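Consider the single chain below, provided in structure tokens and representing the form predicted on its own.
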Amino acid sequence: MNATTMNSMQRTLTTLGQQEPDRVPLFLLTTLHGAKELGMSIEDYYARAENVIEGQLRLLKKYRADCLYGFFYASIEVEAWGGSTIYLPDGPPLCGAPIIQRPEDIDTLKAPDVATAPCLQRVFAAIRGLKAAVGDTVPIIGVAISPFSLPIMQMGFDKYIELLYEQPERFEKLMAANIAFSVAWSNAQLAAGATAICYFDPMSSTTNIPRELYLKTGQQVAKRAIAQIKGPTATHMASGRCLPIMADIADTGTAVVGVSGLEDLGELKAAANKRVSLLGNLNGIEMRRWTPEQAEAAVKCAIARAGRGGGLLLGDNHGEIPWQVPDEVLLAIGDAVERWGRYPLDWVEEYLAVT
């Protein structure tokens, strides 16, 4: 295949195969910018699948990215369990009151039916619409909050930590219900046309729990869930650190790890050891204040640190570009990938020698 003819899917698959495509794939995980592009409020934008389809297709073309993102907002999963969502004018929607008020509520908790939950049908419709528009030329990324991280929204972080340490039997009951939901939710998105599932698992990050606890809990949950998901997964730490557990994450069977801007991308690439590819690690918070020149410098640095030999999907470090990041920065990122991401990366040795 002539490298210059690669489409986004070919480029991505080559990269995931630890080979060098025509250029580094750009995975700009834009969500809220779709509402901005259509001149709508965030709440109105997510009310109809057609809005998300149009928004994603416009952003794909505008920013020259290599993926479409079927993600709406995290609390849509809690809505399926009977929870509520609080909409903000300039940020991602938030969860309302926890659906688990007391640990005893877990004893009668049952996973919702993804086929009948009204809020989830909008996501399926959006994925189907995106698939109809691009076929197999562009990866479509679905999202599932990991069964291990979902309780942060279901019951609150503090109560979940207490459950994790103090009530192992109830923890296991909650994991069983959450695994059933997350697997069904993931597989339904794949059936609708998603190429892969982004398995958000920030609770497993060493930012939140020590490796020893992860090996007993989050890793075991991930192994159980990922084994039942009928497509590739990308485990995302949502800005959390993962360098000490990179090999452990690879052991779960995932294909990609979304990594933090707080860790060195070169060290992460070495730790991945071609067992998994990396997604990241541009700092989305800092991105709000970047100039176009700073955006180019960040892209160039990331590619130099981890682009050689494939295995890098360039994107932000959290899994969602903040509303406040201006167009000029996102356009500059696309320009920089075109300039510095073309293989072979014959400029890298000289760059690393002076930085």
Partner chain sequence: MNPLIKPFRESLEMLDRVQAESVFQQALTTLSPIQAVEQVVVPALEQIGAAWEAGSVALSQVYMSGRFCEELVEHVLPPSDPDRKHQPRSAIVVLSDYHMLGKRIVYSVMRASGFELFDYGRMGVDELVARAQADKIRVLLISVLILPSALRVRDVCTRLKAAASGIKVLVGGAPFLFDAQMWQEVGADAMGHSAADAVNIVEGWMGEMQ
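Note that the structure is a prediction, hence the values are computed from the model and not measured. Residue numbers count along the first chain shown, from 1.
This next part talks about the form predicted together with the partner chain, which is not shown.
Taking T206, Q219, N187, T233 one by one, only a single residue has any non-hydrogen atom within 4.5 Å of the partner chain in the predicted bound form, and it is T206. A heavy atom within 4.5 Å of the partner chain in the predicted bound form is found for one listed residue only; from A247, A255, I161, A180, this is I161. For the chain shown alone, G82 is not a contact residue for the partner chain in the predicted bound form, no non-hydrogen atom being within 4.5 angstroms.
Though the partner is left out of this view, Q228 does not reach within 4.5 Å of the partner chain in the predicted bound form, counting heavy atoms only. Residue contact check for R275: none of its heavy atoms lie within 4.5 Å of the partner chain in the predicted bound form.
Contact annotation: R288 falls within 4.5 Å of the partner chain in the predicted bound form, judged by heavy atom distances. Across the options 112-120, 190-198, 164-172, 138-146, residues that bring heavy atoms within 4.5 Å of the partner chain in the predicted bound form belong to 164-172. Highlighted residues P89, F157 and N317: every one comes within 4.5 Å of the partner chain in the predicted bound form, counting any heavy atom.
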